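What follows is a single chain, given as structure tokens, in the form predicted on its own.
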């Protein structure tokens, strides 16, 4: 079974072995909603090469992204925090791909028994809180071109691919802005040969240039994730 999820990769071998009987590799289609507000979290997902969004929908139907989940994270971390339901957030697949699915109950039982597993998952929770906090500040303080560059870098980093199957309409929902604004910002990045945009697809051409265009938020979060969780493989 693939262990391309970086969170699974840092689990001690004995912890991973105990969870192995419950791990199932699944394919997640784009647009699939893994969890609705108010529902119990029955399963957690460790993405391998798919990208998930934690979104919040307002009463008027407008949607914004609260967090991004890829191969650095696990989706459904709420299940270990005492309450297995969420009241506001929805988990949606934005780039199709594979993930490791694990039922919440055996993971929670092992979480209660194993300090090593608790340390990893609580560090992951801290990293997710840092992501949400940094994104909130970024959306308030930085211009759209910087925010778009940062968002594309975050997505690229979480699926380990320069090829992102994303529409401008979807990106506009995730950034909480009008589609016309995303179109204009994407055109500026394309004019500078940083990205190539075709209908439903964004290709990163110059990662260093995109990092230079982005605000400090991308590198700040990457450094925080590495500080909390490290980059060493489980068997490395």
Partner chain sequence: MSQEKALPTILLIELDDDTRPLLKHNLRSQGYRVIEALEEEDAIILAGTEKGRPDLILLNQVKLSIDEFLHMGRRIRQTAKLLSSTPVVVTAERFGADLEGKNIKVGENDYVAYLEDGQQLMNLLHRLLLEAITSQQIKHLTD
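Positions refer to the first chain, counted from 1. These figures come from a predicted structure and were not determined experimentally.
FYI, the form predicted together with its partner chain isn't displayed, but the following is about it.
**Student:** Can you check 37-45, 22-30, 184-192, 202-210 and let me know which stretch has heavy atoms within 4.5 Å of its partner chain in the predicted bound form?
**Tutor:** Answer to the contact question: 184-192.
**Student:** Only one of 145, 90, 157, 119 gets a heavy atom within 4.5 Å of its partner chain in the predicted bound form. Which one?
**Tutor:** None of the others qualify; the residue that does is 145.
**Student:** Answer for residue 58 alone: is it within 4.5 Å of its partner chain in the predicted bound form, judged on heavy atom distances?
**Tutor:** Although its partner chain is absent here, residue 58 would stay clear of it in the predicted bound form, with no heavy atoms inside 4.5 Å.
**Student:** Hey, in the predicted bound form, is residue 168 touching its partner chain, heavy atoms inside 4.5 Å?
**Tutor:** Yes.
**Student:** State yes or no: in the predicted bound form, is some non-hydrogen atom of residue 177 no more than 4.5 angstroms from a non-hydrogen atom of its partner chain?
**Tutor:** Yes.
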